[in-house]
Structures are given as structure tokens and as C-alpha cells.
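Okay, so here's just one chain, in C-alpha cells, the form predicted on its own.
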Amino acid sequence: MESMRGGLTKDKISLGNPADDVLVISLTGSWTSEDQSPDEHEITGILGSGSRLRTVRFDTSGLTGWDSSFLTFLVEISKYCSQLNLSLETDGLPEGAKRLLKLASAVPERQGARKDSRKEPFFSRTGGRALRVAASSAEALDFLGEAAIAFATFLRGRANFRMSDLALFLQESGSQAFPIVSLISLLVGLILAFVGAVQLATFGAQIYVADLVGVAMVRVMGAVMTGIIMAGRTGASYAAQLGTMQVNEEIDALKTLGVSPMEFLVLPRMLALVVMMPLLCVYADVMGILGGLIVGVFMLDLNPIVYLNQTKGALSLTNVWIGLFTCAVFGVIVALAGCLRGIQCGRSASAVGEATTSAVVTGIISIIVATAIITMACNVLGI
């Protein structure tokens, strides 16, 4: 430290020793992110080499400007002084920098609070996702098993849920869904009829638009559109409700009281959708046929009675039963997807939104997959 008594100057930093145990750091010029400021390591090396050093002071009378980069420099010096048990005097700093340094030192940084900015390797990301998918699949299978047990308990008359809840869910998934189902089904019928009319008019076979719309709506489209609508409407609602209960620890409270959440929360929602979805499907079929009728009468100049008779001749009870069965399956899928994601929800507000989104995505994908399976099965059976 004797070599520093006369003062050591490096660009914007000047070091001096008015006493053997005191180091004065004089800072001059502009210390901003746009300027090339000295590195704090130029000083920390000197601090570590001074065995008799006890106090560090600042002299900023020659400082012309500073910003957050200057504060970063001060924080690093402060940390190093704390490690060496040196006294850091901040009287010589600008008033604003002094307050910010005090604020930065008031609450120490929590270990591991900063996220690692390094990109995770490809194989590590792939393996992590594969493990998460496997864990999620195991949870889904476990949930399906518990739902099957709860339904068997219901068939034996021992299920523990309130009938008032079931009546409420029937209303929410039934009559309250009529407006959106009406609008979407009517538009789908209009679209099918219009597309079919453009092609069939080439051959002068406009009357077969009735066959196209009737069979498509009753057999597949009515059930699929109803299922997708309910996945976005009711499935998301179930996920949000159960997710909020998970955040508020209400589901944990039910378990503590010995009440099965599967029977008390999931079962009535599943029963409501299984009952109401086929009824909504019939309503959607009627609205879709009505949409086709509008196109046939006002665009193709067909007689309404002729159009309805053509539709009646094209339909069969087999098509109707296939559509009703498909929609009942969709009811189970939508209810289970919404309840599963709601129960899997984390303990934060953002997790509720993620659970809701996941419920809609899971429900729609499952509906499309189920439609493909049922269609292939009907093709194999010849129906």
C-alpha cells in the first residue's frame, strides 16, 4: 500500500492513501452506459492486496454524469468490501447514487433468483418434455380410473353429490347454450348448402343439397360443432371453476372432510353434459337443416315442401343414432378434459388461465380424435 500513498491514476479512477488504513477512490468524468467506464476489477484487486486497509471512501467532485452503469459499479464495490469486512463510506457520492445504493443493499439478492440465460441443450429439452408428457399421461389415466369408479358408485346409488348442483349444471350446459348453438349450427348449415349448391348446380342436381346438408348435419357435423362449442364454453368454465377451487384450497378442504372431489365435483358435471349433449345435438341438427332450407328456397328456388321431403328420404334412424352416440361421447370428453385440467391447476392466478386454455385444447383435440375413431368404426361395421 505504500506505493499508493502518492496516488494512482487510471483513466477515470484515481486512488489515494491519506492514511495506511484508508483508501480514497476518486471518480471523474462521465459514467454512463454510452461511455467506456473502467471495470470494477481494477479496484477489487487493490482492495484484496491491502492487508492493513480498513476503510474505503469516495470522492466524486470531478464526476460530470452518471446512470445505472455507475450504480452497478458501486454495488460491485460494496459487495467486495462486505466480503473483506471493509467499511464503505458513501458520504462522497452524489445524493441520488447514495440513496439508490442504500436501497440496493437493503434487501440482499436471494440465491438463485436470477434465471440462467443460457439456452438449454436440445436433448435436455426433448427429454424433459418427454418426461412431462409421461407424467401427464399417467395422471390422466389415474383420473379416468377414478371417474369410472365414481360413475359405478353413482349407478349403485351411493354417489355423494348434491342434486341441486346437478340441476344447476344441467341448466348451464343446456338452455343457456341454446343461443350459441343456434347461431353456429345455422351458419354451418348455410355454408354446407352454399358449397354444395355451387358444385351440384353444374349438373342441374340442386335438389340433392337437401341430402348433403341433412346427412352431414345429422351424422357428423351437428355432433362435432356442438362438441367444439361446449369444449370452448362449458369445458373452459369447468376448468376455471375447479382451478379457482384448487388455488383457494377448497378441494384440499373437501379431502380433509372425507368428501371425494371426484364424486362431489366431477361426477355431476359429467352427468349434466352426458344428458344435455345429445339433446343439444338434435337441436343443432334441426338448425343446420333450417340453414340448408334457407339456401335451397331463396338461392336455388326450391319448393320448401319438396326440400323437406328430400331431406326426410335421405335420413335414416341409423344416422340419427350415430350422431346422438357421438355427441354423448363428446359430453364425457368435454367434462373430463375440463375437470382434469382444473384439478391439475397450480396454486397461482396465472395457473387458472393456463388450465382453462389447456382444457379447451385438450377437449377439441380429443373430439377430433374420437370423431375419426367413430367414423372408422362405422365404416368397418358398414353402417
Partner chain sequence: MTGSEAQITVSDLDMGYGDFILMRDLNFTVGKGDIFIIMGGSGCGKSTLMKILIGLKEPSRGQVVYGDVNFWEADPQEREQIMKRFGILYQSGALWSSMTLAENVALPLEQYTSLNRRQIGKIVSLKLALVGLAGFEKFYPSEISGGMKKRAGLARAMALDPEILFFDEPSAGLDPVSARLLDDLILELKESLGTTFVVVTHELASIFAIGNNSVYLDVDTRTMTASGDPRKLLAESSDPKVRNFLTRGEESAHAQVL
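Owing to the predicted nature of the structure, the values given are computational and were not obtained by experimental measurement. Positions refer to the first chain, counted from 1.
There is another form of this protein, the form predicted together with its partner chain, and it is not shown here; the text below is about that form.
By the criterion of a heavy atom within 4.5 Å, N160 is counted among the residues contacting its partner chain in the predicted complex.
Its partner chain in the predicted complex is not approached by P179, whose heavy atoms all lie more than 4.5 angstroms from it. Although the partner is absent from this view, G258 contacts its partner chain in the predicted complex, with a non-hydrogen atom inside 4.5 angstroms. In the predicted complex, its partner chain sits within 4.5 Å of a heavy atom of N248. Figure note: of the listed segments 186-194, 249-257, 279-287, 135-143, the one touching its partner chain in the predicted complex, with heavy atoms no more than 4.5 Å away, is 249-257.
Among the residues Y80, F264, F151, F73, the one placing a heavy atom within 4.5 Å of its partner chain in the predicted complex is F264.
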